[in-house]
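Okay, so we've got the same protein chain twice, two forms, each given alone as structure tokens, structure 1 and structure 2.
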Structure 1
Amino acid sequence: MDIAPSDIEDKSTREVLDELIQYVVTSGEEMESKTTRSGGQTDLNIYLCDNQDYDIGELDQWVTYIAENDGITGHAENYVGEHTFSEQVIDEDISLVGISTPAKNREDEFVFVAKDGYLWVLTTVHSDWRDKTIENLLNYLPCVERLYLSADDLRELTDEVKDARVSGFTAKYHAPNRERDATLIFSGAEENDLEDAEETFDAKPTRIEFDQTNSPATAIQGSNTNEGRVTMRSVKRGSEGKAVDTIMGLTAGYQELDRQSFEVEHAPVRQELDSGFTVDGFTAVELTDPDREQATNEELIADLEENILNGNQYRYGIRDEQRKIRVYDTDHDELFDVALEPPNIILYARESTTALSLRSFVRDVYDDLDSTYSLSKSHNPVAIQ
């Protein structure tokens, strides 16, 4: 990506997207000759992050925080030591960020956009270098976290793309009671292939590719993942406006679905009384109906300890005769409770809990424990009695 500050100065989010879309605009002939979405061609990627405390222009102070924090891991320390960072503020909501890798004599560019409580990161950098640069930075920044969608929400979001059909996908199956995991990758998928994969293998989509028509030929090739990334693979010349509309629709839908799943709308509030205290409000994220036999509390605790709680991120204590785990998330400095109703897992927010720690734990469950859980959220201004 070779973008000048003047290219995005005094522009709206939509105008910035239109500027970056130009990197993937192609002719009809070039689009028709394209037979695969892999390889080293340029994609426009938009990373969507929950922004709890990052203001445009603060990159240097956050990198310093990572470098000087005694609690950071060796990986983060190495990452900061092996790269240099710059941020050029374009206006109060937009900046141009550079991440240099001196050992490889290269610098990669990213556009940061702060919007409605979210941080968008836009780039055309190839995936090999996105992994080494921006994805690591977003992983180590404690104040932001990539959004996350369950498989059902990812399907719902993709189904709402106008004039589009599923043209490929990656779907995964992972469960502790089976001897194998499975990853299915389909390119050139036909109608119902994704449904067949779900019905036959119980595989859950983590990335869905779509082809979108524009009167009437295929004009836009895109994809979205369950880990907060929307991609524009190619856009036929003349369809730039429709491509921007698609991105704006996907990002708005992504943010709304993530809010519905993880936002703590009613945190518990303790009120002291003369005769004791009351607690009002609750928010619970429920993981239910996995593809597994009934487990005991002891077995479910053992699964969680082996697959999730054994890392550096969590400190925990088992309570109430092994019916509840109180968890401290060291990455986000938050407490929450995990109620065990085998095989179901219910996360209850406490006073300090935000979407950051709830989302992070749920992502770990899907990635490391069992991808077949269904997700729902319940909340009420009055606590459960």
Structure 2
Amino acid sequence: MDIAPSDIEDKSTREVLDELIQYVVTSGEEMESKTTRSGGQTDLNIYLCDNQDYDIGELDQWVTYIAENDGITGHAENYVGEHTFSEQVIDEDISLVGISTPAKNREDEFVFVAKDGYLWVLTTVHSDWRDKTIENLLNYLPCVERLYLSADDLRELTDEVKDARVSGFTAKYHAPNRERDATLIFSGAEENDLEDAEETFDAKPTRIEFDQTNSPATAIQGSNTNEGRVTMRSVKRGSEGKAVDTIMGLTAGYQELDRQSFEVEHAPVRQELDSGFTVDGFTAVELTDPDREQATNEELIADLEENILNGNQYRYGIRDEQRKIRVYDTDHDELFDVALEPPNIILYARESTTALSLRSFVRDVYDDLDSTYSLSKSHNPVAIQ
């Protein structure tokens, strides 16, 4: 990516995308000759993040914070030690961020767009380097977290892409507590394969590739993952506008679905009254119906301890005769309750809980415990309208 600040100055998000789409525009012939998706080419990637506290121009401050805060893990500290960072502010919600890796004599560029409580990071850097640079940075920034979609939401989102068909996918079955104790990764080429994988093995999609037509030929090749990343692989010349529409639609969809799953709109808040008091607000994220046999509370707690709670991120106390676990997420300074209704797991928001700690825990459950849970949220006020 070789972007000059003037390329994106005074531009709307749409226009910035239009500028960046140019990196993946191809001629019709190239498009048709592209039969494999080896991942070697330049793709345009967009990372979508929940932005709790990052303002454009503050990168330096946050990097210093990571370097100096004792509560932050060694990995993060090493990471900021081994790279240097620059942020060139274009306007109040757009900046150009450079991450250099002196040991490899490399500098990689990223466009940051902050809007409506979200942070988008756009880049054409190759996946090998994205892992080492931006993905780590987003992981270590305490104020920012990548969006996360359940498998069902990811499918729903892809289904909404206009004129598109599923052309490939990665799906995962991970349920160590099922009697067959298996972790399988499926890769497939066609939508029917995905349906088969889901029906036969309960494998849940984590990445879906799609081809979009500008009839009759394929015009746009893209994909999206459950971890908040949209990729534009190639766009046929003349279809740039449609590609930008697709990206805008997908990002809006991600944000909406993520909000539906994790945002705590009704945290329980206590209020004093002249006579008595109230506790208003209720939010629960329910992980239900996994592909496992009934478990006891003890078994489920042991599984959570072994796979999730054992890390640096969490402190916890087992409560109510092993019916609940109160969890302190040290990354986000939030508490929430995990109620056990084996085999289901219910997360109850406390007053300090936001989407950050709920999302983070749910993601750990999918990645490390069991990918076959379904997710839903229930919430309502209790006292007020």
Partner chain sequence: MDEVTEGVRQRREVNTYNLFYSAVTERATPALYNHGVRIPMFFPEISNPRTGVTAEPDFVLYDGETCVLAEIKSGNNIDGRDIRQMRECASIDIEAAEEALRAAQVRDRIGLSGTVTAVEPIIIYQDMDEEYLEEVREESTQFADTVDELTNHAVLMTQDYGGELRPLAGEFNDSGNLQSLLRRGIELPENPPDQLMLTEGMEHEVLAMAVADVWGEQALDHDDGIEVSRTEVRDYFAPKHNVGLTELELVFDFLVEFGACEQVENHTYRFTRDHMDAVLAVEQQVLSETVQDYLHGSEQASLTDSFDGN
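So that the term is clear: the rigid core is the largest set of C-alpha atoms that superpose within 1.5 Å between two forms. By convention here, residues take numbers in order along the sequence of structure 1, the first being 1. As the structure is a computational prediction, the values presented were derived from the model and not from experiment.
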property	result
Form predicted alone - structure 1 or 2	1
Post core alignment: Ser275 C-alpha displaced by 2 Å or more between structure 1 and structure 2	yes
